[in-house]
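Quick setup: one chain, the form predicted alone, written in structure tokens, and binding and motion questions come after.
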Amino acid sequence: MTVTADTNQHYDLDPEIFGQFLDPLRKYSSALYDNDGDSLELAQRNKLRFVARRLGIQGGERLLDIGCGWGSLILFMAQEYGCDTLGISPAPRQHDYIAAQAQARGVERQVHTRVGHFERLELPAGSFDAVTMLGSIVHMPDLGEVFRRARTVLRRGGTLYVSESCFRNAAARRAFDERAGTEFVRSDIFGWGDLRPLSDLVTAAEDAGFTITSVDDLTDHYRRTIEDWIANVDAAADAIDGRQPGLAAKLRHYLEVANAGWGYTTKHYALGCRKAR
């Protein structure tokens, strides 16, 4: 039996720590750089529009974001597309932050959150037009159950977007799953996580009954995103250590380990799916 903490330790850090090295939206996953001169903030907005395109968002849809983090996606979809959004995260601090941001942006009636784990929450079947998971499925032990539940809450014709860091293939997983660097990120940073190859995600999606509509390789974009995060950590090291002594070096090491593996042991993919029947 896999044991996971009720709340992932990394996301329970002081919220202001994340404000020191993420973009102003506090989006904690890969950005998408359309041009060499794109800033981190612009690239994160590019990525959110890319997610909307992959989901087929036209405006006014009901969207569920599993592992909503600091609410960047649900706040953006509410503001830019008039979506009615629900975000799920087990970290209570994130919900307080999202509620304040929704109030400040005037979208408090369209942005809702629930504290908990997607696998355990009761949600009406067929009640969402779109479901997203950006960098969250790595923290969910039962891959098959997550895809089955995602399909259940979608209406017929609804769409699913999953972006995730993956081992390059099954052989890389066997070779590197227990290496020191992998264990440092999985246990010392997050408390629990299970990096899989893309083939595991595709198999779980197909077994749940989804049609695969797109696969995008975002590896180079995530490498550049992390480079920007590292630069921000360096620039704000004193402020970060002021909130938790020694954290800046630990955070930098985590980001360096993550960036060292791209293309060799790890990739970052975006998977698009549709509930076609």
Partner chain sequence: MSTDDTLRTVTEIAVAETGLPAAELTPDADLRAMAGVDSVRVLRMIARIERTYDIELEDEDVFGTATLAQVAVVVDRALRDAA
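Numbering follows the first chain given and starts at 1. Because the structure is a prediction, the values reported are computed rather than measured.
The same protein also exists as the form predicted together with its partner chain; that form is not shown, yet it is the one meant from here on.
Among R168, H112, H117, R148, the residue placing a heavy atom within 4.5 Å of its partner chain in the model of the complex is R168. Not displayed here, its partner chain is approached by V257 to within 4.5 Å at the level of heavy atoms in the model of the complex.
Although the partner is absent here, T265 sits close enough that one of its heavy atoms falls within 4.5 Å of its partner chain in the model of the complex. In the model of the complex, its partner chain sits beyond 4.5 Å of every heavy atom of Y97. At a distance threshold of 4.5 angstroms between non-hydrogen atoms, F176 is in contact with its partner chain in the model of the complex. The partner is not shown here, and in the model of the complex the stretch 118-151 never reaches within 4.5 angstroms of its partner chain through any heavy atom.
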